[in-house]
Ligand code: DGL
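Before any questions on how it binds or moves, here is one chain, the form predicted on its own, in structure tokens.
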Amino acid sequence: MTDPRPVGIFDSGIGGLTVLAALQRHLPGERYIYLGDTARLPYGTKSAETVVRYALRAAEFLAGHGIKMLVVACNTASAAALPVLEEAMTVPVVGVVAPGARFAAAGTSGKVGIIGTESTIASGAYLRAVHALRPEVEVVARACPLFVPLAEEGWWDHPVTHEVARLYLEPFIGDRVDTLILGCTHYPLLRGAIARAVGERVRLVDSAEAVAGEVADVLARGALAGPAAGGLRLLVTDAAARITRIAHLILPDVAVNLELVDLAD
């Protein structure tokens, strides 16, 4: 028996398309509906209370489209709102923090770095998740707020981005960490600049692959797997031209058609 309902995914913008891309690679037969709250990004500079309110509204909107599962493809929302979303939703909810932390803890020799938005780092969510698995691990965390607008602008390999990465990532250079968690779904878009700044000996952890594995497990355990028909809807709250351009770059093999929706409270 299969479940034809879509998997719902939301992010504050288009960075979560990196999670969608991983899901499509691992679970190509599923239907997906993606919501990017591009009119109100970035979430990472907002208060926790505001992030919770925005996340609940996005989840409610996707629930209205009959989803069978919610993937919170936003580190800030996962850090601030996941318990609230789990209580509010009647379908399984998967965030990006726990899968990424598990992947990092499993591979580190004992020194983990975490980069993310101001809200994600201030929440301490990744720190708690890593220490819950391996209390002895040394963790260094730093907010990198300029990375999101640079990613959204499409400046993935721009000299400005390389310079910002060098300045932000100085605490992780040398032998200070062996593993670096990219604690924002936008950050894999800047992977080249980040890797260049920290050096090849530092393993970069992108939560998208770990999230895809967890989603597959949840669908299998709940007998929720789709009928192998596939399908995708891309919804955004602001369809500026640059958003469409970056979406095409992240999903080069997908016919990108952004639908404009209103999440006004």
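Everything numeric in this text was worked out from a predicted model, so none of it was measured. Numbers for residues come from their place in the sequence shown, where the first is 1.
Omitted here: the form predicted together with this ligand. The next part is about that form.
In plain terms, the part of the chain that comes close to this ligand in the predicted complex, with a heavy atom within 4.5 Å, is 70 to 78 out of 106 to 114, 85 to 93, 158 to 166, 70 to 78. Y43 belongs to the set of residues with a heavy atom inside 4.5 Å of this ligand in the predicted complex. Within this chain, C184 lines the site of this ligand in the predicted complex, having a heavy atom no more than 4.5 Å away.
Within this chain, V148 lines the site of this ligand in the predicted complex, having a heavy atom no more than 4.5 Å away.
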